[in-house]
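As structure tokens, one chain now follows by itself in the form predicted on its own.
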């Protein structure tokens, strides 16, 4: 009995620091922001929050077109980046799964963008995409092409953000899918070769169905992460031009942190959280049915 009791005490001794950290860093901020979302608190002119009920939620959903514009941009961004990253990552993983000279070099090379801090990536690309002195436009002029307004055009700027995010996070897709390909049983492929299956048939009938559960997982991870788009907007365009690249997370930052409207910012962050959870649950149920 003494040994069992001591084991129980030791278990809680190791668990309590983790639980305390979780409560302080996650649960408390969530509950506090939920309480703030039902109040009006302009921290620049009000000392204490004023209880207003669901007014913030009603104003955001029915009286704030900027919220819906930011949400629409975020949804388009998530869809484009995840689809492109999955396609390129799947192709690279399938290509590097085959043995050829220099394969290890390319495997390491593709991981470099993911190792860079997102804010550093943002400022690096901002310098390279500068419309006048950026190295990319300079290279385009050198070969006789016109300059591109990468960050100052309402049409081009959203695709610029997509391009940079694809450059940074495609290695994540590649790394996970490459590991999945490496873990596939060789015997199935030997049997398919004996039966005379083509490369396309092997990929469609064997490889893709086997890695489909991994694809569902990484797609959900990237969707959730892509919805949190902030660093690229902050570092490259600052939501411009004319709010054409304003993501929802950046609008939450402006409302709650820069403008110090803590009540509305908290309500907006909770709406954002519920939207991401809802989309994730819908996609998870749909994708699981197709596997």
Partner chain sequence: MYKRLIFVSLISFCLLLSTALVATGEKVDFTGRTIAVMVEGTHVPVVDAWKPLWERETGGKINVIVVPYAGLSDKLWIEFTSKTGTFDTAAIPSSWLGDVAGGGHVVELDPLFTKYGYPDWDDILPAIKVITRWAGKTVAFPYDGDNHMTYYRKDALEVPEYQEKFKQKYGYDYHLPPKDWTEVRDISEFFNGWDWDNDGEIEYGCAFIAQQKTQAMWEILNLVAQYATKAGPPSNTTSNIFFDADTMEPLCNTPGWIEAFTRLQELTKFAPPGLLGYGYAEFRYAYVSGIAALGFDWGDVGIMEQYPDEYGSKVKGKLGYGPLPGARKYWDHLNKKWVQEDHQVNFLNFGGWVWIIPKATKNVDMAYHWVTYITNPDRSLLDACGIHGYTGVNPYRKSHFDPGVLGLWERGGWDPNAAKGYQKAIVDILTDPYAVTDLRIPGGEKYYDALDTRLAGVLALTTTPEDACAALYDDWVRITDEYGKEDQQRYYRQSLGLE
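Residue numbers count along the first chain shown, from 1. Since the structure is predicted, the reported quantities are computational estimates derived from the model, not experimental observations.
Not on display, but discussed next: the form predicted together with the partner chain.
- Of the stretches 198 to 206, 88 to 96, 71 to 79, 152 to 160, only 152 to 160 has residues with a heavy atom within 4.5 Å of the partner chain in the predicted complex.
- Although the partner is absent here, residue 234 sits close enough that one of its heavy atoms falls within 4.5 Å of the partner chain in the predicted complex.
- Contact annotation for residue 243: at least one heavy atom lies within 4.5 Å of the partner chain in the predicted complex.
- Contact between residue 261 and the partner chain in the predicted complex is found at the 4.5 Å heavy atom cutoff.
- Residue 55 falls outside the set of residues with a heavy atom inside 4.5 Å of the partner chain in the predicted complex.
- Looking at the partner chain in the predicted complex, residues 44, 130 and 239 each place a heavy atom within 4.5 Å of it.
- For the options 38, 253, 67, 227, the residue carrying a heavy atom within 4.5 angstroms of the partner chain in the predicted complex is 253.
- Of all the residues from 171 to 188, none has a non-hydrogen atom no more than 4.5 Å from the partner chain in the predicted complex.
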